[in-house]
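Before any questions on binding or motion, here is one chain by itself as structure tokens, the form predicted on its own.
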């Protein structure tokens, strides 16, 4: 018995340590460090209910220990004697009924206030959020005319000190939008529009992901919110609009980028849009179940691609961006090229079912891939970073 118990204990200790260490890991998603006002409201509610639960737990544990110690059997007790039989105790019953009831009523009122605050719209700008397998699109109507002046993928860009209204949609199945440091979760449901708020008083990059199982690459459906100061945000807007105009400029004849543009026109425009140049797939006409593929007009202004699974620019071990000798950011050419070559190998998809990008490994030569990447590098300026 002793040896068996020792073996079980030796197995149990590493397992318990593993569970504890897993609970300490946060990675880039960390709901315990709220930045946005809405996230702080949720965090305050969770901490309040948590401390109330701790208080109840301590009280119950203390009562159990007291009863065990005070009423334990003594050596002098006659085992045949029964303790006094008491039927009910009005004071005790009222105590353990009214106190939890009062706590629950208080918590309910506090929760309802928080829920209504989170559901309230602001007078800030509105951004359209669209989820599809397996990436997010964000559309900005800057002048309120109903047209999308800026369309980006995976990078949601906002400015500090401004409450932003989100209109969350889905173009295929149910998804769920979550940037934990800025707000809680909100589902994206086909045929419905869900309203949500995000805000941040601090510039930075805050990471999120889809939290409703939505198919093969659900775990790879990530996004990030880039929060800029008002001046930087204005510069970002101007560069996005300038990128739309630059995309329409003629490429140098005979250049690798021009050759890549011809390949793009042959293989890519049935799904992807470049504003003012390749628009046959605009308006939900992409050859996909969702009807939409990432708009590539300002591709190089984004920090990530492929559902924010891969960095657009090279980063060091600490997450810092690497730069060329002239100070420009180093493009992540290797993974961008491989993504164009064989996307399903880098991110699970069902391209045969119009869910995800096709495999071009048997279609494009090495020179074709180099030319396509050169063309993609002309789409947009480097990102504005916080």
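Note that this is a predicted model, so its numbers are computed, not measured. Numbering follows the first chain given and starts at 1.
Missing here is the form predicted together with a small molecule; even so, the following discussion is about that form.
- Only one segment in the set 104-112, 67-75, 206-214, 297-305 has residues whose heavy atoms sit within 4.5 Å of the small molecule in the predicted bound form; it is 297-305.
- Put simply, of 293, 189, 164, 247 only one has a heavy atom within 4.5 Å of the small molecule in the predicted bound form, and it is 293.
- The contact with the small molecule in the predicted bound form, taken as any heavy atom within 4.5 Å, belongs to 287 out of 122, 287, 95, 126.
- Though the partner is left out of this view, residue 36 does not reach within 4.5 Å of the small molecule in the predicted bound form, counting heavy atoms only.
- Contact check for residue 268: a heavy atom falls within 4.5 Å of the small molecule in the predicted bound form.
- Of the heavy atoms in residue 200, none are within 4.5 Å of the small molecule in the predicted bound form.
- Among heavy atoms of residue 224, none comes within 4.5 Å of the small molecule in the predicted bound form.
- Annotation: in the predicted bound form, residues 272, 336 and 356 each come within 4.5 Å of the small molecule through at least one heavy atom.
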